Ligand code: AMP
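We begin with a single chain expressed as structure tokens, specifically the form predicted on its own.
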Amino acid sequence: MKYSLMVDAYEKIEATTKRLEMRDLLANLFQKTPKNIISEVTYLTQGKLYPDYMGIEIGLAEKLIVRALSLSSGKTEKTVDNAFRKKGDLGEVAATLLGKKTQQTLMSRTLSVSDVYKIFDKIAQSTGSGSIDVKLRFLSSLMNDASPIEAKYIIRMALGKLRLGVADMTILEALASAFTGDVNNKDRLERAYNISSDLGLVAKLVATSGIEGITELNVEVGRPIRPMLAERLSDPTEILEKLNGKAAVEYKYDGLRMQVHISPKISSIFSRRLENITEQFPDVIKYVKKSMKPKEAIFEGECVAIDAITTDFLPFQMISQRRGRKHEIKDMVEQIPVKLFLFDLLYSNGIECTQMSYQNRRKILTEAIKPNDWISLSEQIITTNTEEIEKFMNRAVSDGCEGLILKSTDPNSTYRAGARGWVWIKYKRAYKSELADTVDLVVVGGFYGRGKRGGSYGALLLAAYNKVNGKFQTVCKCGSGFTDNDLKELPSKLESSTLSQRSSQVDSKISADVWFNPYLVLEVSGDEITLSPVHTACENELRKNSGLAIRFPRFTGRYRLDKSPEDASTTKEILGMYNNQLKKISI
């Protein structure tokens, strides 16, 4: 399959903002794709080579790409760099410079999708001494064979900035349409994706075996399950009503959510974002192996940093210091000891537990673990009484927790992988104020600072996630709560996600000085939620041409590195919080 065929589809997708049109363009591309490379085409369309949990990235820096473009175009590195500064997109620079080449070399060839994938795979797998030269040689060879428009997407892929604006759900719909003839089969594909976290695998199964192949996909140790998510409410009476009058009430620990996979051959830990963080927490692997009774299992829990002397819980910021560390792990284990509180069991000795009710899963979890000083079950009561919930809340807060999670005890309370619903409901102490004091919002734009903030950003444009249309819709401009150190580091934190224009996934009436690919999630507090003519969250749902905005937003100091953009607070949650304010006012 020629790479140009895929690039032609990308051009058309990038040219539209209509999701259904994107879906149909993708479906057409998938239908033209040979089944033996459907996984590769799916991954490339996601802007990756493998599923996220494998942790394999292309990892090319801008400077290296500038060197490669210099070699391929015959221009000096300074010329390439200057063009980049003007355009702000190295992909566009590649298309322009290669378009000016007077002739192609005699050795150039027509690129296939397999050519591009295999060379990128070699680049990603190249490590150690001399790997920079190897990567440069491979990328230059691609550029020498690429047409200008192919080069544009090859360079964007190399940078990790493909930016097609295509959400995973749109890809699933396209696969359903292409290989089953019915876009409504997306739900069955989504179930397969949620238990495998691998769109390439789902694409291969549905392309080669149809719906029957998808149905036969099972949970597997070492392959993470997309985590179940919770809704939020501020009133225990309303929560109980949602849960049919009875709930399993658990501590909501201020830690790092973990999915722990153990078998005789596999020992892995995955974060909420499905990153493999096993190397940073060898102590947790040791504790779980010592405590577990099954030969193989998939556990889910919250890992909390504790004081080595008092065993008191420490803030999330402490455990986050162990994230991303590849060296000095032994010292970090001693300096920041952790305890894992297990709250779910998703698989045990060949039995998938996700389709069981919550109480059955909890029973099997209780039988599967022998608690010790470092492993315990989450603190829990089962109640129908709001007063008991309030007492338990006070106890949780006193013990250093964020609040509570209330879970359905109904027979249909299955583990809904990758979904957010009214089966689990957060009740945090912050929700006792007029506004639920903290929401998790995505940085989509920035405004240059002045005076003291010169050289950094004076404010950030923040958005909530609309699950219905896959858009990030603005809800506030936030310039308060940032320390001097935050202001100093913001440009570097956001540099890799800088865009030359607004992302097609961002819905904004406001023009930012700088646009960002939705990536960084911040925890934000505020005074209240109000109607707004300039913000797009929940636009037209309450009043024509008005959305919702957070008034007097403040950064809490917490970067939610454990959350992907799609895990941020949703527009539906913002609407619910606004409606709760109205109820309190009416009372």
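Quick note: we count residues from 1 along the sequence shown, nothing fancier. This one's a predicted model, so the numbers in the text were calculated from it and none came from an experiment.
From this point on, the text means the form predicted in complex with ligand AMP, which you will not see here.
- Note on the interface: of 84-92, 472-480, 133-141, 399-407, the segment with non-hydrogen atoms within 4.5 angstroms of ligand AMP in the predicted bound form is 399-407.
- For the chain shown alone, residue 198 is not a contact residue for ligand AMP in the predicted bound form, no non-hydrogen atom being within 4.5 angstroms.
- At a distance threshold of 4.5 angstroms between non-hydrogen atoms, residue 281 is out of contact with ligand AMP in the predicted bound form.
- Mapping the unseen interface onto this chain, residue 378 counts among the residues with a heavy atom inside 4.5 Å of ligand AMP in the predicted bound form.
- Among heavy atoms of residue 252, some come within 4.5 Å of ligand AMP in the predicted bound form.
- Checking 426, 186, 322, 75 against ligand AMP in the predicted bound form, a heavy atom within 4.5 Å turns up for just one residue: 426.
- Among the residues 193, 465, 343, 179, the one placing a heavy atom within 4.5 Å of ligand AMP in the predicted bound form is 343.
- Contact residues in stretch 253-285 (any heavy atom within 4.5 Å of ligand AMP, taken in the predicted bound form) are 253, 257, 272.
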